[in-house]
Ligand code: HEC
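Shown below, as structure tokens, is a lone chain in the form predicted on its own; questions about how it binds or moves come after it.
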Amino acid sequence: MLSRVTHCLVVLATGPMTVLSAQATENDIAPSNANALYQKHCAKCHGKDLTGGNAQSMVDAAWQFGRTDGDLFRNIKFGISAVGMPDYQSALTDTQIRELVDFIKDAQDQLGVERPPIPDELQTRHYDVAVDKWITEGLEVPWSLVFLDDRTALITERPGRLRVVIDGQLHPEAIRDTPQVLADGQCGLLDVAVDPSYADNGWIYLSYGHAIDDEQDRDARVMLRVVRGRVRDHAWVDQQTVFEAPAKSYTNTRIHLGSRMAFDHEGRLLFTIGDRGAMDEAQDPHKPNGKTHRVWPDGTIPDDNPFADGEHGMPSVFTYGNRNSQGLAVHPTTGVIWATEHGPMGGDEVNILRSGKNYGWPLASYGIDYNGTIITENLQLDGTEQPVLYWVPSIAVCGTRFYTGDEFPRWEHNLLVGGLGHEELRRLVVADDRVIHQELMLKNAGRVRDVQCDPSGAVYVVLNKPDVVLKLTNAGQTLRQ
């Protein structure tokens, strides 16, 4: 681990070291102010030619803490204390940091560096895992995956399409007549869920960015909406509104819709709405944003909801003080509700949701704002719930699923968690409502948007950038120590 006094750049990359060729050495990189900055501040750890030294290579395209320009900028400016990486906000100006980011990216371009290929096999603690590129073409920003039976799955695409997969083949045409969505920023067609009694009633649930003005208007106001319908003859029919927020809660922001859905063991539908960028409203139970909601499948309010009478909060509100939960899963045997929640810069959380509880945002957080300012000094606060697990830095935690099935029996009821920014799939071992171990299973394949299991227990990983779906199956048991 790096000491805070080494003054090295953050461990930005990981993976096998790539050596610069004779045609592209440090001498071939045009002298510049950024080169001088790099040699002064970074070369000691990451090598004069960027190929590594005490720290990892900067030019192998395998990034540990995010690959975007914004990720690299924040890593340099604010550091990563978890790995002993100091911050450079007092040593370098923002302009100089951007020059360093451009310098690193230019060096990669000169070398023709490409991101590592998706592996054909993973070595995990218990299994060798075969990786099948299940769907590689025809999807645009896939967001959620659900199985209707052992042959048929549905996939949402954020631009507004609902797709069908039969026997591993993506139907070329989207389902007709699905709801009109506002597809802008983080808005669009988001989660899809299947009624617990689907075999009898055929209900399918969609959550999406719903505009009350013209969807094409850049200033249109939007909020999360939940509907249900059926698919018949490749068309969306019988639509009913399950949840629609009051018109006054709609805003023209395009972030933090939350939107994950799950059914509890009593058959009630839970869904999340992010804070929509209005963090203080997460603390107001009368506002829909920054909350987990709970309704019956037809949208009616359960009598035991914490604010069911509407006097002290919205009747549908189940928990509040949530920043932006994009993962929601119910334990198959205990019925305990688990959620994964985006923090700001740092402070991604795994929470156990309990009726009427306050999860702290923004009064308590393990993260800071993206501009480096302190949102709150409170890591803990009386009257708010602590996360079961949190990550600093943030992995941009997203879709989550309890493992069930026969494909990987040692993983039964482990929590599978995806990460967008750090491009990760993690396996969390859960015992007595605690996370006692976690394993990093997949890295740098793409932004992990969702994770799902089919009836047999094969694991499906929905990626963005690239927009593909992977299928993970058992390639043999191992007893690695």
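Please read these numbers as outputs of a predicted model, since none were measured by experiment. Note that residue numbering follows the sequence shown and begins at 1.
As for the form predicted in complex with the ligand, it is not shown, yet the points below apply to it.
At a distance of at most 4.5 angstroms from the ligand in the predicted bound form, all three residues Gln64, Gly84 and Tyr88 contribute at least one non-hydrogen atom. This chain is displayed without the ligand, yet in the predicted bound form the stretch 75-83 from 75-83, 272-280, 121-129, 335-343 comes within 4.5 Å of it by heavy atoms. Although the partner is absent here, Met58 sits close enough that one of its heavy atoms falls within 4.5 Å of the ligand in the predicted bound form. Among residues of the shown chain, His46 is one whose heavy atoms approach the ligand to within 4.5 Å in the predicted bound form. The closest heavy atom approach of His41 to the ligand in the predicted bound form falls within 4.5 Å. Proximity of Ile175 to the ligand in the predicted bound form falls outside the 4.5 Å heavy atom cutoff.
Think of it this way: in the predicted bound form, the ligand has a heavy atom of just one of Leu92, Leu363, Leu170, Val146 within 4.5 Å, and the residue is Leu92.
Contact annotation: of the candidates Leu100, Val295, Ala107, Ile204, the single residue with a non-hydrogen atom within 4.5 angstroms of the ligand in the predicted bound form is Leu100.
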